[in-house]
Structure formats: structure tokens, C-alpha cells
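Here we start with a single chain on its own, the form predicted on its own, put down as C-alpha cells.
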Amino acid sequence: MNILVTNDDGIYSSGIFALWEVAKEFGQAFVVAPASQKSAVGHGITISRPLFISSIKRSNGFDGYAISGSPADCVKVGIKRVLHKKPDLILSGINLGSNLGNDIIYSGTVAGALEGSMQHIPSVSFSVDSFEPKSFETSKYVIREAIKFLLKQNIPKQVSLNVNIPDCNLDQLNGLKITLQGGKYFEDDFNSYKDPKGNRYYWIKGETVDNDDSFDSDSFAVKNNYASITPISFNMSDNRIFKKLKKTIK
């Protein structure tokens, strides 16, 4: 099985190294990831400047390609210029920091998997609920179980799985739980500054708000030491309001 591995934290991230270590247990793993940090770039692609590809070698046989673009760019380039064909599976992550609730709108990690599902390739994104995880032992276990789960299920190819992993020891993990996208969001604002020449600039700030305690929400699962598995799709049509609005126009 050919597996394309990407992320949004960049090819030198500890998370992508851990993901690659598990991926190669299931087949031949090809790493194509951003050359630098690309968090919160969403599903953007590069159209106004060229993309550059560099060969990267890390320890323990890690070989990959660094792309001067977004995670979605990496998946496209990986398919067209690295593998020269569609892989059997796309894995994105492990992101340092969860991608729960509204995070998925902004997440480059999630976008990497969604790009795969747009190309009808089974795809999964992985995030751990910490910017400084204790270890990747629990994450690696969850990744193995999620891959085995995906390969057994008849999941529509235009659906990807968004997996979030609690930052806990393996013996504290309560299991894996199928969830829905919850209501977590980022309440943002901007600090205002002036540079030495008097030009004003702004830097985003804010805090996470998570009041969603519904049993099936992704954040509720992670807060209770479950790994959440949320099926998501890039089709953003709202069929409920579509049917309602359609009746108003004759």
C-alpha cells in the first residue's frame, strides 16, 4: 500500500515523524510536507507564485519532500509529481494542538486530509490535544487503530476522518469514539502596535471558548480521554435551509 504523509506544522515537526513511523508499518510511506510552519492556512492553494520542492533526510531513514506551499499543495504535488499516481491512503498530522469544533475550518492539517478525499482517496487527519505532548505513545496507538478501522469500513471516498487524541498516557485512554463536530471556537481580537517607523500593525490574540458538553461532540470526547473520530466532508451545502429557501422562490 502506498501512503502519502503530510501535515501543516512542517516537515521537521516531531508529529510528522511519529506519524511516518506508524505509516510505514502499513506500507510504503511517502512524506510530502510544507517546508515551514503552515498552521491555520486552511485549504488554501498556491496560484500566484511558484512552488519549490526540496529533498529532505532526517534520522532513522526518514526521507521526504519539502514543499514551499500549503498542506493542500503538498497533497496535489505529492500525487502529481512524487508518486505520479494516486496513493492508497493519505495521512495528515500529527498536529500539535487539537483540531476540534470550528478549528477544522482553519486547520491546514484537516485540509490535507480533505484534499485527499476530494480526490477520492481514503484520508485521515490526526491531532493531539497539546502543543507539548508528553509522548506520542498514545497517539501512535490511536493512529494504528484508526487506520485499521478505516480500512475495514466502507466509508464514502469523499469523506475524511478527523481524529483528535487526548494528551494522556495509554493506560488512561478510555477508547475511540465516533463523534460530531462540536461547537468549540476561538474568540479573537487584535493587539495594535507601531513599528520603529511609526507604521501601525496588528497581531491576533484571543482565547478558546468551548461550552459544548453534548455527548457526541468531538471536544467532549477528548476532554473525557477518548480519541474522537469525526467523519467530515468538503460539501458545504446546507440541505435543511436549501429545502426551506427553495420553497420561497417560485
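Note that residue numbering begins at 1 and tracks the sequence as displayed. Keep in mind that what you see is a predicted model, and the values were worked out from it rather than measured.
One more form of this protein, predicted in complex with a further copy of the same chain, exists but is not displayed; see below.
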Note: exactly one of Leu170, Leu83, Leu151, Ile105 sits with a heavy atom within 4.5 Å of a further copy of the same chain in the model of the complex, namely Ile105
Report yes if any heavy atom of Gly27 sits within 4.5 Å of a heavy atom of a further copy of the same chain in the model of the complex; otherwise report no. no
Could you confirm whether Leu114 comes within 4.5 Å of a further copy of the same chain in the model of the complex, counting heavy atoms only? yes
Proximity of Ile232 to a further copy of the same chain in the model of the complex, heavy atoms at 4.5 Å: yes
Quick check on Thr179: any heavy atom within 4.5 Å of a further copy of the same chain in the model of the complex? yes
For a quick check, can you give me the residues of 40 to 59 that have a heavy atom within 4.5 Å of a further copy of the same chain in the model of the complex? Ala40, Val41, Gly42, His43, Gly44, Ile45, Thr46, Ile47, Ser48, Arg49, Pro50, Leu51, Phe52, Ile53
